[in-house]
Structure formats: C-alpha cells, structure tokens
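Below, in structure tokens: the form predicted on its own, a single chain.
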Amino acid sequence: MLRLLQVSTPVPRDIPLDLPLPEWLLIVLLVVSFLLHIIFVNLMLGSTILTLWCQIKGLKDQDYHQLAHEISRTITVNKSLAVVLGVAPLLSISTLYATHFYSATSLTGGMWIAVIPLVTIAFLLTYLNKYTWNILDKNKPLSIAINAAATALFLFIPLIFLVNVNLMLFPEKWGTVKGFFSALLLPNVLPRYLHFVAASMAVTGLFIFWYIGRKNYPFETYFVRLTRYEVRKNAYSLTLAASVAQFIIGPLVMMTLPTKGFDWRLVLVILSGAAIALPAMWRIWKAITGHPDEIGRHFGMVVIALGITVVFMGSGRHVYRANALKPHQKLMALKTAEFQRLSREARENPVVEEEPVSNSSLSVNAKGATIFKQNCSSCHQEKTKLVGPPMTEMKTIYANDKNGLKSWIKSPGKKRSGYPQMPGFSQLSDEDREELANYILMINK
C-alpha cells in the first residue's frame, strides 16, 4: 500500500526538528483548544444568523427587533473570544502536522490569505451594526443590509478554514487540486460544512436559552408581547431541530469520507458521542412539550451531555486525521531519513575543491593566484568545467592575446550557450588584471 501511495501521491520531506512538547500533550492541547475555539465560532455565526432573522421579522414586530438587538450585543464578545482561543489550535496543528498544513495552505493560498481582509471587514460590520442600531432605528433595511453582509462573510470564512483543514487530510489529492475552488469540490466538504452550520445553531440555541433565562436579566423591561418562556422555548426548539439535523448530516459526512481513516476506535468514539446526545435531546423535547414552569429544570444535564458529545466528536475528528495521515507520514519519515543520511554523508565527506595551482613555477604569480581564488574559483577550476570553462581552455584561447584576456575579465560578453553570462570585474585594477592574466596563461595543459 505504501508503494502504491508513493506512486500516486506527492511526498514532501518532513522538517527534521524535535517537537517542542511530547506528542500526546500537543494532541490534548489541539483537541481541547479547538473545542473551546469552535464553540465561540459557533456562537459568533449562530448569533449573527439569528440576529438577521429577528431583524427581518422585526420589520413587523417590534419585540423581535428588540430581540435582535439583544442577541447582536453578544456577537462582538463571542467574536473576540473565538479569535483569542483560535491561536492555540492553529499553533498546535501547525506543529503536529506542519508539512501537511503548509501543503494544504499553499494549494489554497490566495483564498487563505484573503481570510485576513475578510475577517477584518466582517468584524467591522458587526461593530457598525452594534453601534448604529439606535441611529438606524428609522432605517431598518440599511441595518439589515449591514448585518446580512456580516452574516454572509461569517458563513464564508469558516468554509475557507474547513476546505484547508480538510485538504491536508488527503495528500493523494494534492497533485490534482488547482486552488480553493477545486478543493471545495471534494465530496466531503459540503456535508462537513452543513454539519458545522447545524452545530452553530444548536450551540446558539442553548446560549440564548441561558442568556434570556437568567434571573437578573430584565426581560419585561425590553419586551411587550413576547414572554420569557416563549423565547426560551423557541431557543430550545432550535437546539433540538439543529441536533436532529446533525444526526441526519453526520452519516453523510462519514459516507463521503474515504475509508482510509476509519477503524474500530473511530466508530466507538462517534457512537458513544451520539448515544450520550440522545438522552439530552429527549430532555429538550420533554421540556418543550411540558409545563412552562419546568422548561429549565434539566438544563444543566442537557448542557453537560451535549458538551460530552462535543468532546467525543472532537476526539473522533482527531482519530480520523491520525489514521488518514499515518501511511503518508511513514513515507515522509522514510524520505526524511534518506535526506538526513545524505546530509550526514556530505558533512562527513566534504568535496575537496580542485586546487587551480598545479605547477610549482606558478609561485612567482602568487598575487595572481590569490586574486583568482578570491574572485574566480567559485566558477572556474583548472581542468574541469564548473560553472564556467576550465583555466586550461582559457589559456588555449588567449595564449597569444594577454590583452584580450584582460579586456574579457574587465567586461566579458557571452560566446557560448552552454555557459551562463560571466559578470564583469571592472572593480579590479589594471595591475590586478595583469597579475590574473599572467597566472591563467602560465597554467599547463
């Protein structure tokens, strides 16, 4: 299998450096920091989508306009936390999978670099929407347009990250991928993206349920028609619907992933996560359909169960990544070992440059030899072609034309296609060129 993979897959050399921490610790840091980061990314995206939906509904219902404002106030905080918490997983994955991450980034380079201006614009739009809310109260369509633009960017930016991280799992595709949009067409990208969007809505539903349900939250001060129970019920319903959608999309994700990353550990992790999520979903359903006073009774259990599910799913993501890249990493290890062997042999057996001086009679031209070594020896040797022709060939051409050789040294042209253009040495004095020409012309054939 390794031989077949090597034939059809680009195999770069790895970076032969020790990891800064034990590998197991870096893996733990990667999984934990990524989960913390992705939760706030989910909240950032889900809250932006909910704000837009409430804004549109708020054109006819002032309570929903106010709800949109309340949700929008949380977006900038969640955005900041998402950015700060994104540093650790980015550094961890760059360290653990440096060559794979770099290769995928290079193949999607243009769009990857575009993340910086896109994120900047999206963040500015969220602040603009937040701080012009009251100013644009009489021009709600403009406020909606600003948030719609931010929502579109927040939907697109994670897709860039997903395409990049997804591509690093498939070195066998590196030779055929021609940029971001080519990588976007890989069969598992869309299901993974839909799964991410559904997760964002599920997490945001839980967040709104808690945020609106706080005892110190002055709900009645802001809303006239809407009740706290109604908003919490809608938030819980969103979480339930998004979780059901994940159960539908999840198998599609697995069906579109190559089987190379599957083993019994991965199946066990995914099934365990799903099994823990089911009781939580049942509790949400009972809360929605039960007595209004009991809607928040099992909220803590729901959050813990779904949190454990997220940990299982995040761990499963790493298991698949490790399995999928293992054969390619073995090939990289072989290539890196070969490179290190050749490098070690080169250091232990350095190539001794051929000494241009082969005749003791040349000692009278010691100054010319010194000038030659300082200015010419990197391109010319006595009898062998290096970058330029050997010295013996120069002597043959200029045996009876020392002035011609001096002129050529000062301002050379290009005579033959087999040699590169020689740089001029006009910085040498006439005396230096005289000594150099005498030295070259005394070389024996």
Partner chain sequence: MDFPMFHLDWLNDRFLIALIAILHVCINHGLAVGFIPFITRLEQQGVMYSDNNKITDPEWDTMVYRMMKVGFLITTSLGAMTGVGIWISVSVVSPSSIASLIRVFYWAWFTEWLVFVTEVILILIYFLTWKNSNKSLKAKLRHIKFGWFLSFFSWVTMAIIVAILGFMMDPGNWNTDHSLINGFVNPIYLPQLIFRTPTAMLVAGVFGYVLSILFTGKDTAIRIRAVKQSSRWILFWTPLSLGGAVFYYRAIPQAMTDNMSTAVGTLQFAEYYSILKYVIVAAISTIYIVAALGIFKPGKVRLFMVLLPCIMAFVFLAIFERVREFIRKPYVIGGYMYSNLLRVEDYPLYKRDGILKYAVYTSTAEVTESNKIEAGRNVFILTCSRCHTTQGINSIVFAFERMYGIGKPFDEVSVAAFIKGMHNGRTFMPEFPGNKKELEALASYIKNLQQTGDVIEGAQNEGVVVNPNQSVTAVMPLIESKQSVLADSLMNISLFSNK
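The term rigid core refers to the maximal set of C-alpha atoms that superpose within 1.5 Å between the two forms. Small disclaimer: the values here were computed from a predicted structure and weren't measured. Numbering follows the first chain given and starts at 1.
The same protein also exists as the form predicted together with the partner chain; that form is not shown, yet it is the one meant from here on.
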query: E172, heavy atom within 4.5 angstroms of the partner chain in the predicted complex; finding: yes
query: Touches the partner chain in the predicted complex: T221 (any heavy atom, 4.5 Å); finding: no
query: In the predicted complex, S243 touching the partner chain (heavy atom, 4.5 Å); finding: no
query: is_contact(I270, the partner chain) in the predicted complex, heavy atom dist at most 4.5 Å; finding: no
query: Contact stretch among 338-346, 277-285, 231-239, 303-311 - heavy atom within 4.5 Å of the partner chain in the predicted complex; finding: 338-346
query: All of Q62, L185 and P191 with a heavy atom within 4.5 Å of the partner chain in the predicted complex; finding: no
query: Listed residue that, although the partner chain is not shown, lies within 4.5 Å of it in the predicted complex (heavy atoms), from F156, W112, W210, F247; finding: W112
query: The partner chain: the contacting residue among V84, A145, A152, A366 in the predicted complex [heavy atom, 4.5 Å]; finding: V84
query: Residues within stretch 16-48 having a non-hydrogen atom within 4.5 Å of the partner chain in the predicted complex; finding: P16, L17, D18, L19, P20, L21, L26, L29
query: Core superposition between this form and the one not shown, C-alpha change of W408 at least 2 Å; finding: yes
